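The chain that follows stands alone, in the form predicted alone, written as structure tokens.
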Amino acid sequence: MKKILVIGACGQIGSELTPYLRNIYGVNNVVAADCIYPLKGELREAGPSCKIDATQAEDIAIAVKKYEIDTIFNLAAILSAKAEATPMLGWNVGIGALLNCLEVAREYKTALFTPSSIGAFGQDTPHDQTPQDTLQRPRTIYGITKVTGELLSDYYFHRYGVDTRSVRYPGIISNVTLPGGGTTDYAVEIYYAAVKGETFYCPLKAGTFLDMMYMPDALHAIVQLMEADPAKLKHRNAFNIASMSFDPEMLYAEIRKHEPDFKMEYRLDSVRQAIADSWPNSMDDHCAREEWGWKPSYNLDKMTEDMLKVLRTKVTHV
């Protein structure tokens, strides 16, 4: 990777991936692009930026030509819970943007990363240690776009030789980006409640296990995969990657080790609960470990300690 375009640079992953990439590859070699949210602050001022509507292929092509891009990170998506409320928007953004990126990548011979998700599985998928290769029959529009994206990316690799790569992300927990409508966002919201001294109302019931990952591991995984030897990649689109699996009670107990007066009550969200029930409790990520050396650095206790440390400072200065 020498010249990189990040589409969706203001989103959940993009807002942290962009400066992470600039730190590695140089500020002038990473172009930040978005259209839903305005580019501002470091994203706009620390390096090149442009406005791209990813549902318009010409916007992407213009940026690729102008900045001589060799790698595209396509992060355009509507997250799970929001996509269920607006299914056509979820489809048009999730698949429309991907097809445009694939066509531009084919024409201009760039590599392409598009994240998949645990949402690509479904109710009938094995929920514990979900295999790399298994039944995928999601019943959410978000999940359907992710399965479709995996298949389309594989097609463009086999049919046209486009260097497509992807990971199936679990829920991502960030101390920078605020929750944005994802089913797993409760695992971010709970930390904010803890540092503010507020009671947390959990939208998922006790015993709802979900695979989770701390953002530093999520960012490292992207770069590690994109830098991996292509000859060793058998499962390009997309690799299971895992870090930790917990339910609300386990997360609550871990936070109370640091904030003993913290309170949590259950106020269930039926939409989020239904989505969570269709997702894996944990994923088997041995293929990623074997094919490109994936290994997470954070577990629940290490992540919790860091989250609370960062958010205490962040909330104090808000």
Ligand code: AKB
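The first residue of the sequence shown is number 1, and the count goes up from there. Since we're looking at a predicted model, the values are computed, not measured.
Below, we turn to the form predicted in complex with the named molecule, even though it does not appear here.
- Residues with any non-hydrogen atom within 4.5 angstroms of the named molecule in the model of the complex fall in just one of 195-203, 104-112, 72-80, 121-129: 72-80.
- Residues Ser117, Tyr142 and Gly182 are all found to lie within 4.5 Å of the named molecule in the model of the complex, as judged by heavy atom distances.
- A residue is said to contact a partner when one of its heavy atoms sits within 4.5 Å of a partner heavy atom; Pro170 meets this definition for the named molecule in the model of the complex.
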